[in-house]
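Form predicted alone, single chain, as structure tokens, below.
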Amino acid sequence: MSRSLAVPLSYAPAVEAPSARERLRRDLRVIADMIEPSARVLDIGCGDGELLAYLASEKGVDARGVELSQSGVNACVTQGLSVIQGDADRDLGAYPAGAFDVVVLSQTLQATRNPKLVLETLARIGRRAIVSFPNFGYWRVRLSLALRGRMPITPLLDHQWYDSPNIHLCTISDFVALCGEIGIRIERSVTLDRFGRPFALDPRGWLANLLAEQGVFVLTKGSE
């Protein structure tokens, strides 16, 4: 007895699922690559634990977090992450000097009430601090402000001025100047374009302040 073979009418190649790293937010990919396996990491303003979960599963870090929102804390705890509810402005002073190998502050500095004190604290409690923030000197922001005369709305600065959590916006040049004033050394920096792609620009130069939509900085205690 002959047996007929079913022949598919069309063939659709399998689409490879994105890796755990590719699922991270663009600046978090850069930050994750900067952190060594098995490091002691504190992520301040960790949100739903996106970075911490990746670091714990892929790099075996001792991952801990501080998050202001109750919903963020709940999301982290659901994933089995060690996260407490706290405020970057008020609740970091109890940590001893050098308690962590790396302290992360991603897209949170502009929402703090005292950025200077927060940066000083990061440099004290961590051997290194990694800070990312939106650059208010980015050319699209400047152009929007110049042409429309109103506070700009961008994917990174996505609130109206009256309900924005971003109360201390700064440029890359402002950030570099502040680090110099308070004796914090910039060990490494990465600038990102509007698509989150890194490109090599000196953060002290005017081009970085003009072309980068966000910056990622590795900081250590001690001026350059």
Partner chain sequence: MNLPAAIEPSLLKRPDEDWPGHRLVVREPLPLDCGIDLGPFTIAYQTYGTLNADRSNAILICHALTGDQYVADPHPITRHPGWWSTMAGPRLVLDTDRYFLICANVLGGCMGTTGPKDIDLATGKPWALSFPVITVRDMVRAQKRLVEHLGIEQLFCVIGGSMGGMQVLEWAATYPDAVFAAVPVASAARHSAQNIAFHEVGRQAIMADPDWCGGDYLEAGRKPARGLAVARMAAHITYLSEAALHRKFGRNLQDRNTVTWGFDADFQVESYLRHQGSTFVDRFDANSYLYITRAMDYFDLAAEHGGALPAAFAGGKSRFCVISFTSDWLFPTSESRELVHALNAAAANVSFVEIETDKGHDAFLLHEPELFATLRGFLNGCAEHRGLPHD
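Remember, it's a predicted structure, so these values are computed and weren't measured experimentally. Numbering follows the first chain given and starts at 1.
Form predicted in complex with the partner chain: not shown, discussed below.
Student: Which of V83, L119, V141, V102 has a heavy atom within 4.5 Å of the partner chain in the model of the complex?
Tutor: Among V83, L119, V141, V102, a heavy atom within 4.5 Å of the partner chain in the model of the complex occurs only for V83.
Student: Among Q110, N74, T154, N114, which has at least one heavy atom within 4.5 Å of the partner chain in the model of the complex?
Tutor: Checked against the cut-off, the match is N74.
Student: If we take heavy atoms and a 4.5 Å cut-off, which stretch out of 141-149, 102-110, 88-96, 122-130 is in contact with the partner chain in the model of the complex?
Tutor: One stretch meets the cut-off, namely 88-96.
Student: With the distance limit set at 4.5 angstroms and only heavy atoms considered, check whether R188, R197 and T220 all reach the partner chain in the model of the complex.
Tutor: No: no residue has a heavy atom within 4.5 Å of the partner.
Student: Does any heavy atom of R64 come within 4.5 Å of a heavy atom of the partner chain in the model of the complex?
Tutor: Flag for R64 set to yes.
Student: Test of understanding: in the model of the complex, would R40 fall inside 4.5 Å of the partner chain by heavy atoms?
Tutor: Flag for R40 set to yes.
Student: Can you tell me whether Q160 touches the partner chain? I mean in the model of the complex, with a 4.5 angstroms heavy atom cut-off.
Tutor: Flag for Q160 set to no.
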